[in-house]
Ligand code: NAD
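Take a look at this one chain, the form predicted on its own, written out in structure tokens.
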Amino acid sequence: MSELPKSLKAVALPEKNQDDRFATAPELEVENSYKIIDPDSQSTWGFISIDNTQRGPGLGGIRMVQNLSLNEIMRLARVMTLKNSAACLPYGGAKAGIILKSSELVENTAYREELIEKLADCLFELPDYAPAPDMGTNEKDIQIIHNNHSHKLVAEKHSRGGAGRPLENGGIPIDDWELTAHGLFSAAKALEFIDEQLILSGTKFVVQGFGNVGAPTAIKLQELGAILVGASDINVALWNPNGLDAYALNKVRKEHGGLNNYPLDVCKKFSPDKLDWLLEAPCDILIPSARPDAITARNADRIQCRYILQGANTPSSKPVEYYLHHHRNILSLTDFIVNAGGVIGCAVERNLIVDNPYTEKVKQVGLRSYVEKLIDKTITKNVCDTYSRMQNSSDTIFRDAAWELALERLDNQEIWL
């Protein structure tokens, strides 16, 4: 196991050339990017990107994975800017990433907690960043950061320690309440508004990445009568055109071997080196919910669906989505519109800390009910509004219209909480 550093420090990086016609907009420039280092050895432990704070502190998750780059963190931070703006939240966009030096870290609680504590010390020096859970991190990690900041501020009630903490500590548990999945489910239901011929009951769908987002999304869709025909994790991809059981998959997904333990019939199994083949399976709705760049020029011609719901952040690029829409008649619904459920929950949590009248309003409805209704209302409206904007131009794709909507809201400062 990799030895922990005595401390971690965020070192500002020089400005990079941001002249990328597809990945950025002339209206947006990255405010600050940092490399997280061990000051003694100068070894790199991660990255932080504070993309934009025009609407408020940069709110975005901490990713903890073995393969990580500054470019990935910067792209994800830009998504958070657009996601928070489109949802009319009082936050900008940011993202952090810690490089998982050893896979054993996941199993070693003491090592993990010490690493998060050192990261918390590092993040305290960046008041414009509001952390949240993301791939590889959870509500307990965010609570460690909150407690660290409470000690430094000599105050239990503050908005410096992030969001997405355990319910018993006054937080809103993003994964336990399946809020990102709730948002994707809202987006799926909104498809019936924009496509009168689509009926979710009987619709076939595929989930790539059957984890904390993909699994509950599949269950919600199955309960509505949709048919899950494909699912994958890091171990295996399963395909059955007659349907897989989302409940049975969910029971085994956290066991050793994951979906390999699925006990019911499958027609095809794909090994770890062929997991991406599942993306090409015929279905009505494809839900990529794993790492970035799942759909690229390499497989765009083989995608066989009608709609893509981007459960993961940046699972494809603008050129690919343009090709899919104009040459394959496949509509890809942009990540920062459809998977905003989690960050909406984080925004509610932080607002409860600083706004007593708001807290009373939420109590009248019930916390979870309030959050779920806000997610459903926000994402349904944004899917329909974006699609309507897209219809005004024959050359526009969903992402173009979503950018337009998000940039308008970045300037008008309207808040929907």
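Bear in mind the structure is a predicted one, so any value in this text is a computation, not a measurement. All residue numbers are counted from 1 along the displayed sequence.
One more form of this protein, predicted in complex with this ligand, exists but is not displayed; see below.
message = I need the one stretch from 262 to 270, 123 to 131, 194 to 202, 208 to 216 whose residues put non-hydrogen atoms within 4.5 angstroms of this ligand in the predicted complex.
response = Only one stretch passes the 4.5 Å heavy-atom test: 208 to 216.
key: Heavy atom within 4.5 Å of this ligand in the predicted complex - residue from 238, 285, 135, 331   = Selected residue: 135.
Contact residue in the predicted complex, from 97, 311, 161, 164 (heavy atom within 4.5 Å of this ligand) = Exactly one residue meets the criterion: 311.
key: Contact flag, residue 234 vs this ligand in the predicted complex, heavy atom cut 4.5 Å   = Residue 234: yes, in contact with this ligand in the predicted complex.
inquiry  = Please determine whether residue 303 contacts this ligand in the predicted complex, using a 4.5 Å cut-off between heavy atoms.
reply    = No - in the predicted complex, heavy atoms of residue 303 and this ligand never come within 4.5 Å of each other.
ask   = Is residue 251 close enough to touch this ligand in the predicted complex, meaning at least one heavy atom pair within 4.5 Å?
value = Outside the cut-off, so no.
request  = Classify residue 63 as contacting or not contacting this ligand in the predicted complex by the rule of any non-hydrogen atom within 4.5 angstroms, answering yes or no.
outcome  = Flag for residue 63 set to yes.
inquiry  = When this ligand is placed as it is in the predicted complex, are 174, 180 and 339 each within 4.5 Å of it, taking any non-hydrogen atom of the residue?
reply    = Contact check passed for all of 174, 180 and 339.
query = Within 279 to 310, which residues have a heavy atom closer than or equal to 4.5 Å from this ligand in the predicted complex?
reply = Going through 279 to 310 in order - heavy atoms within 4.5 Å of this ligand in the predicted complex - the hits are 289, 290, 291.
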